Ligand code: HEC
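There is one chain below, alone, in structure tokens, taken in the form predicted on its own.
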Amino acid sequence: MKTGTESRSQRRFMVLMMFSLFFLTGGIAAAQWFEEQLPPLLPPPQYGNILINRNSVKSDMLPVSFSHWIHRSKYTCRVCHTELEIDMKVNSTEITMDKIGKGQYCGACHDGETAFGQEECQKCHTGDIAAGSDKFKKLPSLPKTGFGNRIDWVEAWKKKLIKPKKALRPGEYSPPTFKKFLTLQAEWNNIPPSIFPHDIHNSWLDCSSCHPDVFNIKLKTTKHFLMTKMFEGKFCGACHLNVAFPLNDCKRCHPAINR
């Protein structure tokens, strides 16, 4: 015959087991939900590739295929997105052959001297998101990571294995020296904080790349700074969804996470 003390102990044990099972299955469900929100990852040679088709099809041309990994070893992000004023959202900038011919946008480099000229139409107007994948295999040995292109571009830059230009004309730009680290608490339970290093981002971007359009520091709030918003391409998702290392790589932002 069981005593009252034994029965209470068993009940406490069962309740504890039920709560543990609830939190375990809840955690699994949350992880599955998280994975479902992320866009499917393209093969490494195609990750970050975009098709520019604002005017191409209208002009009876195939869309332009643009590979970020081909360009990022030569130039930092700010060269195109700040200096050449190409918006980060695909197909939102009015890029025309007339403007390119005048040295704007792609024409700043593709002039037949710095890079191949505009007469070689078929090199850009491929209509194929996988264009240039054969060149990916010929990249030099670079530090590896588990997501995106499977290349750790930041580590490659730190080790000077790549030396992307920070401006089209040397000496005309010096990156900001702001090195503040931000510790951002997660909104989900049991998720460690994310760490944001300004200095790494300053090496590739301008302050104006993020402020005030992506992060409005004047508002001094992170009320809507949520993972669900990033899945929509907002905040960090403006880059870390389809071009910079993807949100799948949790440990890059949440270094203490066990994932």
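C-alpha atoms forming the largest set that superposes within 1.5 Å between two forms make up the rigid core. The first residue of the shown sequence is 1; numbering continues from there. These numbers were taken from a predicted model, which means no experiment stands behind them.
The next section is about a form of this same protein that is not shown, the form predicted together with ligand HEC.
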property: Listed residue that, although ligand HEC is not shown, lies within 4.5 Å of it in the predicted bound form (heavy atoms), from 130, 168, 161, 139; result: 168
property: Any non-hydrogen atom of residue 101 within 4.5 angstroms of ligand HEC in the predicted bound form; result: no
property: Any non-hydrogen atom of residue 42 within 4.5 angstroms of ligand HEC in the predicted bound form; result: no
property: Proximity of residue 187 to ligand HEC in the predicted bound form, heavy atoms at 4.5 Å; result: yes
property: Exercise: residue 35 in contact with ligand HEC in the predicted bound form, heavy atom 4.5 Å; result: yes
property: Sequence-ordered list of residues in 75 to 90 near ligand HEC in the predicted bound form, where near means a heavy atom within 4.5 Å; result: 75, 76, 77, 79, 80, 81, 84, 86, 87, 88, 89, 90
property: Core-superposed C-alpha of residue 189 shifting 2 Å or more between the shown form and the other one; result: yes
